[in-house]
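One chain comes next, on its own, written as C-alpha cells: the form predicted on its own.
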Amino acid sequence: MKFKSPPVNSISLDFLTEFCISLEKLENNRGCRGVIFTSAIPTVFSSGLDITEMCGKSTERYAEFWRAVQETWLKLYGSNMVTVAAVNGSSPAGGCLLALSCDYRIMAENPKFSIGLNEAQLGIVAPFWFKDTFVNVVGHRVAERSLQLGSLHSAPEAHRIGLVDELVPEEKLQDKAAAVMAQWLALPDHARQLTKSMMRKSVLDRLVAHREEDIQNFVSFITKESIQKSLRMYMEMLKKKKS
C-alpha cells in the first residue's frame, strides 16, 4: 500500500478514511496475508496528522477526525495480517505512529530522514495509546525521554534505539521489505496471529474501553485558545518555509 497524498502525505480525514477502507478490503481478502506500507512521495513517508484538521474547525469536526485516527490505529495495530513499514522518508508524529503500529520497520539509510513522536515540540501531548505503542517498541526509558523532548531521531539513531528494526540503502528498501514479508509468511498464520493478539491485546483494549473519554480529551485540548494559537503560528512558519 503506497501513501500518495501530496505534498507530504499529511494524515487528513480523507487519508484516514481511504486508509481504513483499503486495509479492511485487504483484511477481508483471504488471499492477502500481509501488507507492506510505503510512500509514493520521495523523501517523506508521512508528515503526520494534518495540522489543518486541528485548527479553526468545529468541535464536531475535531471529534470526527479524532475518531478516525483512533479507528485507523485500532485496525492497523490489531491487524491479523503481517504488516511491514518500508519507511522511505521522514516520518514525524502520526507518521511515526503508523510505522510503530506495524510488525516490522525497515528504514532507508539516509541521514536526512528522521522519525519520532515529536508532538511536544508543537505543545501537544501524545495520547496514552501513542505512548503505549512507543513503549512497546523502544522500552520505557527511551520512550519517556524521547516523548518529553519531542525528539526526531535520524535514521541511524532510530535504528540504535530500536525504533526501526533495520536500515538499508534506499534502492534496496522494497526488496528487503519483500524478503522480510516472505520470512514472516513462512510461519503458520494462526500461531503468529494469536501471538500478536496476546502481545497487543491489553494496549488495544485500553483504548477501546476509553474511546469516548479520549475523544473528549482531544477536543477540549485542541479547542484551547493557547493551543489554537500555537498551531496557527506553526502553520504560518510552514507557509514561510514554502515561500
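Residue numbers here begin at 1 and follow the sequence given. Since the structure is predicted, the reported quantities are computational estimates derived from the model, not experimental observations.
Beyond the structure shown, there is the form predicted in complex with another copy of the chain, which is absent from this document and is the topic of what follows.
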**Asked** Can K75 be called a contact residue for another copy of the chain in the predicted bound form at 4.5 Å between heavy atoms?
**Response** no
**Request:** Indicate whether another copy of the chain has at least one heavy atom within 4.5 Å of a heavy atom of G116 in the predicted bound form.
**Result:** no
**Message:** So in the predicted bound form, is another copy of the chain close enough to P169 to count as touching (4.5 Å, heavy atoms)?
**Reply:** no
**Asked** With the cut-off set at 4.5 Å between non-hydrogen atoms, does Q183 touch another copy of the chain in the predicted bound form?
**Response** yes
**Asked** Of V208, A179, M198, A40, which one comes within 4.5 Å of another copy of the chain in the predicted bound form, counting heavy atoms only?
**Response** M198
**Request:** Heavy atoms, 4.5 Å, another copy of the chain in the predicted bound form: which of 84-92, 108-116, 158-166, 67-75 makes the cut? Say which one.
**Result:** 158-166
**Message:** Please tell me whether the candidate spot formed by P127, K131 and A191 is one where all three residues come within 4.5 Å of another copy of the chain in the predicted bound form (heavy atoms).
**Reply:** yes
